[in-house]
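Encoded as structure tokens, the following chain is the form predicted on its own, with no partner shown.
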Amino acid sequence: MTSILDELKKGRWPSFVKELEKTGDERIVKYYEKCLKDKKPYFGHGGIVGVTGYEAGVIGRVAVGEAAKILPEFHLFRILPPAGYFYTTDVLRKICDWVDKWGCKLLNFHGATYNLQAFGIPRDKLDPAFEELAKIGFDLGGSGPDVRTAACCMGPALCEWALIDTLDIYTTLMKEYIFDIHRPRFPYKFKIKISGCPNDCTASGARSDLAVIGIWRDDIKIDEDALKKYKDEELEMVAKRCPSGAITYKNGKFEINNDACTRCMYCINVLHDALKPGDDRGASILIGARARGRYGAFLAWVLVPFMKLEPPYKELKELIDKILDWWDEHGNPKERVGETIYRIGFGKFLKDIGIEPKPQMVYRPRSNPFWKYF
């Protein structure tokens, strides 16, 4: 009888089972096949495992029951990646050699946590493996109730729409909060995601406790000559679909009411030859997103409508410090900062951290990412 794994190797598309077999570690393949046959995983949390001097960055995985005889432990290293996932080929080769030596030859480029992840490092090799990893120039990322590894888009390195230097902001914040990344002290995890423009390629508005999104606050720039090259149907469609109704197109005249514009970038994405973001650029700071929890799904809501972001980003770091201190004092265990704000009240939160209320902070009606309009 053909095994389940043999079935998964069939077909036109690449098979992850074949990739598991390439590691040469039969234990991984046997363990995975047992999980599929029994229809349940056998790995539980491995308890307190980690690198000496660190309290985060290593995810313990220990098998239970009969699976422990096949693959007793499969610990995971979360590795802090460079901003924008930019590696040199020389560094990639060093990382691959490192995981071949200490792990099971499996790397995750990259996890949903933004970390580079290495699998299968035994407990007794955690310290020497980390010492060698540090010599390559890498550190551990976040795990547990701490400041997690941040995420950023590739920003000005590859994207013409980048309104802030996401790469520099990421690097600065990771250096600033490296102690809080390695030593959990908060009620729960705190994720920071940085997007260069309102297109929000890191999905920070839905997935991060603190979202930094590039924005502009002056008028959208219009190239009238380029605008004439678009068809009437295209211009009418953009005007009709503008979320805030800020665009009108009548009698061949295309106009934008910038006071009503929410800077969603829909029109710029469609009419990219004719429309460009303004020159007065900075970031909107949003707070409180998460996919699930005791109060349901949250989209982030605006905390600071516009903040100029220039190195060394003193204003942004001061704001984050205030938020972390407030949450550390008021948050309950396993409660994300958005849930703490929801429980205590946004008004008190703003008062405690010293921010004046603004109309852009209105949370409703766009609060639930799973709500559909028909």
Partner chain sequence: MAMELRDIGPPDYKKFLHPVILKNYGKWVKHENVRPGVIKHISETGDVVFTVRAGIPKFISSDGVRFLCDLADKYCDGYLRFTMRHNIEFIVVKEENVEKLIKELEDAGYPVGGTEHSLKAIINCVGYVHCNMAATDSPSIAKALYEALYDYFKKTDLPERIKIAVSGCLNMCGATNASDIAIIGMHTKPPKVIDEIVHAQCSPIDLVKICPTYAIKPKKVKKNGKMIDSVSIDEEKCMYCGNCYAVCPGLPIHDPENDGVSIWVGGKASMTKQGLMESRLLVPFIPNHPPKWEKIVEIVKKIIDVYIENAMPDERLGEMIERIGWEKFFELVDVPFTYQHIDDFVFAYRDYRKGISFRFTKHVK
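Note that this is a predicted model, so its numbers are computed, not measured. Residue numbers count along the first chain shown, from 1.
Keep in mind the form predicted in complex with the partner chain is missing from the figure; the text below concerns it.
Contact residue in the model of the complex, chosen from 222, 201, 304, 256 - any heavy atom within 4.5 Å of the partner chain: For this set of options, the contacting one is 201.
Position in contact with the partner chain when the complex is considered in the model of the complex, options 311, 65, 44, 347, heavy atoms within 4.5 Å: Partner contact (heavy atom, 4.5 Å) among the options: 44.
4.5 Å heavy atom contact with the partner chain in the model of the complex for all of 156, 276 and 292: Verified in the model of the complex; spot residues all in contact, yes.
Partner proximity in the model of the complex: residue 125 to the partner chain, non-hydrogen atom cutoff 4.5 Å: Residue 125: no, not in contact with the partner chain in the model of the complex.
Any non-hydrogen atom of residue 97 within 4.5 angstroms of the partner chain in the model of the complex: Yes, contact at 4.5 Å.
Contact label in the model of the complex: residue 354 to the partner chain, heavy atom within 4.5 Å: It does not: once the partner chain is placed as it appears in the model of the complex, residue 354 has no heavy atom within 4.5 Å of it.
Residue 119, heavy atom within 4.5 angstroms of the partner chain in the model of the complex: Answer yes; at least one heavy atom of residue 119 falls within 4.5 Å of the partner chain in the model of the complex.
Contacts with the partner chain in the model of the complex - residues in 154-172 whose heavy atoms fall within 4.5 Å: 154, 156, 157, 158, 159, 160, 161, 165, 167, 168, 170, 171, in sequence order.
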